[in-house]
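Have a look below at one chain only, the form predicted alone, in structure tokens format.
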């Protein structure tokens, strides 16, 4: 977890002991004891109630790495989470025992130029739940800074609180791309992040949103959640030019901002070619480290390429959107599991298979 912690004893469960989901080897997860760090004066101890599985968790499980983050020792997974305060540090004034909270999973240093400049998500010393070597939040309890725990409104569930983490990616992307009531939006990829980006873009006022994916089921989900149109595409690079025409026809107007929520050569190429002159392409997905894309033609049309990494200062807005009903994330939660060894393994298998699984949630 963000504040640290370690395997407790010999791995045998003791009644009442804190247990966590440990990634111990490729495709090997084990629920084992997890010793919490001491509670600092500005920390809280939170009993986890809802934890979602992210694509990065699956990458870690399958390959022991995600992008340049490499798992070199057993690690607790999980970072999409919400729970109930069980203990507060001596200096904590903003929260009390019993408060339901959503946790922002990254602890930045607070002192570097990025933190001081307000872009703490770029902090090179960031300690982030479930990102090696930092342990995550798929555990009975975690210790976390109080200022990164946000009280849930009465009408927002713990599962919705956990969904603030993926939703934050979409909100940060929309902020970076300056989405507003005059922004026609294209989204490449209708997976969990593509869908929350769609919900965020609508909440920011985007009047028309077109979704693109290779999977008919995910496009049907996007339509049910309010997409104005969709285009099913192939995985063949040779089809880009023809598909760009289909996408532009589906939009029926200029595409002002495109979000690539997949991160492959073909999806980025499609976004660059489909976006109007002077528009923006925001790179959200990280499917590939290197790709070949038509940058020169895009540059000649002054298409701006924007990157995002995680998020910053998004939880209050997430919770306000959820409280007011401007965003409804509940339909994204398609599968639920308890916290046993058998269910742990099954939940990750379901998430990894994809298919009709969008967000897989643990109820602890």
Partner chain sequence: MGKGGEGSGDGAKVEEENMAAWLVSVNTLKIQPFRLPSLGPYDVRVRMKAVGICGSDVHYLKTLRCAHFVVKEPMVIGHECAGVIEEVGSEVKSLVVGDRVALEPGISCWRCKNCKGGRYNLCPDMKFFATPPVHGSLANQVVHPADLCFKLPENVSLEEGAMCEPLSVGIHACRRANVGSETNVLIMGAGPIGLVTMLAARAFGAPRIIIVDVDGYRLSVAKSLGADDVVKVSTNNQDVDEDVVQIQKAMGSDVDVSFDCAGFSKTMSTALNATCAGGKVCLVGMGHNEMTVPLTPAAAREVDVVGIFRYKDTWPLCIEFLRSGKIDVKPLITHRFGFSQEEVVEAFEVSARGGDAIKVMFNL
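Quantities reported herein were computed from a predicted structural model and do not represent experimental measurements. Residue numbers count along the first chain shown, from 1.
What comes next is about the form predicted in complex with the partner chain, which is not displayed.
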Residue 63: touches the partner chain in the predicted complex, heavy atom cutoff 4.5 angstroms:
no
Taking 4.5 angstroms as the cut-off for heavy atoms, does residue 327 touch the partner chain in the predicted complex?
no
Are any of the heavy atoms in residue 250 no more than 4.5 Å from a heavy atom of the partner chain in the predicted complex?
no
Exercise: residue 313 in contact with the partner chain in the predicted complex, heavy atom 4.5 Å:
no
Which one, 119, 127, 223, 151, lies within 4.5 Å of the partner chain in the predicted complex by heavy atoms?
119
Candidate from 180, 89, 287, 229 lying within 4.5 Å of the partner chain in the predicted complex - any heavy atom:
287
Out of 111-119, 135-143, 157-165, 201-209, where are the residues with a heavy atom within 4.5 Å of the partner chain in the predicted complex?
111-119
For this chain shown on its own, do 172, 256 and 309 all sit within 4.5 Å of the partner chain in the predicted complex, going by heavy atoms?
yes
Judged by heavy atom distances of 4.5 Å or less, which residues of 294-324 approach the partner chain in the predicted complex?
294, 295, 296, 297, 299, 300, 301, 302, 303, 304, 305, 306, 307, 308, 309
